[in-house]
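What follows is a single chain, given as structure tokens, in the form predicted on its own.
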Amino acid sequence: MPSAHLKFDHAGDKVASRVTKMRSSAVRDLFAAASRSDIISLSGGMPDVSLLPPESLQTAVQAALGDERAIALQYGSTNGRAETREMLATLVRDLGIRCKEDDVLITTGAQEALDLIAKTFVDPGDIIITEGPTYLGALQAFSAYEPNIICIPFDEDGMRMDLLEEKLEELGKGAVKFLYTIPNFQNPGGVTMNMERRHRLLELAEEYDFLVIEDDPYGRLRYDGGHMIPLRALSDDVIYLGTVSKTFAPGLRTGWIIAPRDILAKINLVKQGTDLCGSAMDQVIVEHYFTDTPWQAVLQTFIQTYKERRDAMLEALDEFFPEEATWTHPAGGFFVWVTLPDYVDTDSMLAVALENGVTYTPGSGFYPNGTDGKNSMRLAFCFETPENLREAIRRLANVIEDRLELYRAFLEAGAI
């Protein structure tokens, strides 16, 4: 019998090699600090659920706990409740997407959808393409399966198709497993892919034989301009990811995949071994919220509130940030992407920002290598009030200015 005094390294060399290559989410690591009362957080893309009317929530929850409680509290099918999938197929029609119940698979948030897609399609060493920078949660999900992730830069009109085409010509037909994109109000960039590039992307996907994964958590949260047709509305071959996290409640872990049925069958098989089934309770609540309550009016409240906050941040950036800084001007979504001079390291600057009462997400977390983007940061405007956003930008500008002044002093002294 082993001695009670022996100490074992329970992980040690027993952990799979892929786990040693995974990085913690910069946003999750910041949550503890952001909860302090003296901190104004620009780090997390959290919707303001306080805007949800209690009566709408009560209607949806009471429906789930009333006549349908025996269903809501029970196991469900792996691909999701049929009635909820039918509701979701109806919900996306105003976006231009035409699909049926059997074209939809419900996931535990869109984050599980990303993991399931990677688990289904990615072998170690496979090439996948993303925007650079891209959503750090996608990088976490993909990296667990050890792909080779190639990033294509974007500008104000989304992923640059000229650079993508150059890379595809270099790699050759069939070399890329899939391309992942957030075409509407990209996370973290805030940019939107224009229609010309959307059409070109689909042409390249057919020409070079790769799948297109369209992640669309923010598409309904547009503050300027008109609706942009999703890639999925342009091609039934696109794998489309949706979620209620930004337009309803992230605590109800409900996302979905719309895809060709042969692909959904493979993903459904993988999901069986992952979580057996999602929460029927969450699905019933979501179904009744989008069926029985005036959710479009609530959405307009979200849009009006977030637009005011975006405008407050952009105005504060114009007023307080140094001329050496540049930033995106999102027409929707939650984020602004800021680029500083190359010599400013936003990773090391974060500790100083925290001391000054403000958080942001350093840019390096949005690249697979963790080294690119060190002079950039993502700023979220979705959660704080306009007054807090202005104060946060003022504090952050002071931190940045101190860094710039230090560099100038070194430069004048000939130390650089």
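Just so you know, these numbers come straight off a predicted model, no measurement behind them. Sequential numbering from 1, following the sequence displayed.
Not on display, but discussed next: the form predicted together with a small molecule.
- Here the marked residues L114, T243 and R253 all reach the small molecule in the model of the complex, each with a heavy atom within 4.5 angstroms.
- With a 4.5 Å cutoff on heavy atoms, N187 counts as touching the small molecule in the model of the complex.
- Interface residue remark: G158 is not counted as part of the site for the small molecule in the model of the complex, having no heavy atom within 4.5 Å.
- Taking non-hydrogen atoms only, Y218 approaches the small molecule to within 4.5 angstroms in the model of the complex.
- Contact between Y135 and the small molecule in the model of the complex is found at the 4.5 Å heavy atom cutoff.
- Proximity to the small molecule in the model of the complex, taken as a non-hydrogen atom within 4.5 angstroms, holds for one residue of F142, F154, Y180, Y289, which is Y180.
- Comment: the small molecule is not present in this chain, but in the model of the complex one of I213, L105, A110, V191 has a heavy atom within 4.5 Å of it, namely A110.
- Contact with the small molecule in the model of the complex, judged as any non-hydrogen atom within 4.5 angstroms, is confined among 199 to 207, 243 to 251, 340 to 348, 325 to 333 to 243 to 251.
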